[in-house]
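Take a look at this single chain, the form predicted alone, given in structure tokens.
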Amino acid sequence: MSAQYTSVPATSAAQPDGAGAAAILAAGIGALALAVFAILGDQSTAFKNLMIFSKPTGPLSGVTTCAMVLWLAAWGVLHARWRSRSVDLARVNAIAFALLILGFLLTFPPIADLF
């Protein structure tokens, strides 16, 4: 009598995708932050003076530094909240893409000059 073996599909829990989603959404937040800080630096003398971290570079040094700090903070907070969860990646990607496009458009001179 020979033994028959049947293959049993391995049950694997879905891999959490929250950490990746956190990085994607944080990138969109950082892109928008850069645009907003750049516009504020152009339009507000007080903000422009506040953003001068390096005199040779001018307010661009503070604008980019603050945008990067906000990006990293958003990434850290989102990662801490989502790292072991599965999230709706399609929604996160759509929001991140919208933020990225908005950030790009706001740094485009004809649009940025409207403010």
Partner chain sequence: MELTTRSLWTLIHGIGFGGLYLLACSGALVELCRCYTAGNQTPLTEDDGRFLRIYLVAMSALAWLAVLTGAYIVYPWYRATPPPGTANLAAFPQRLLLASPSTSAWHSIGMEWKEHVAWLAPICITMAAGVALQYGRNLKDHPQLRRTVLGFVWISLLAAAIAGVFGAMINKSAPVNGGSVIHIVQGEQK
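Positions refer to the first chain, counted from 1. Owing to the predicted nature of the structure, the values given are computational and were not obtained by experimental measurement.
Below, we refer to the form predicted together with the partner chain, which is not included among the displayed structures.
Review point. Would W75 count as a contact of the partner chain in the model of the complex, using a 4.5 angstroms cut-off between non-hydrogen atoms?
Key: Flag for W75 set to yes.
Review point. Can F47 be called a contact residue for the partner chain in the model of the complex at 4.5 Å between heavy atoms?
Key: Looking in the model of the complex, residue contacts with the partner chain do not include F47, since no heavy atom lies within 4.5 Å.
Review point. Closest heavy atom of S54 to the partner chain in the model of the complex, within 4.5 Å or not?
Key: Flag for S54 set to yes.
Point to revise | Proximity of Q43 to the partner chain in the model of the complex, heavy atoms at 4.5 Å | key: So Q43 does not count as contacting the partner chain.
Exercise for review: Any residue of 63-90 with a heavy atom within 4.5 Å of the partner chain in the model of the complex counts; write them all down in order.
Suggested key: Residues within 4.5 Å: V63, T64, T65, M68, W71, W75, H79, L89, A90.
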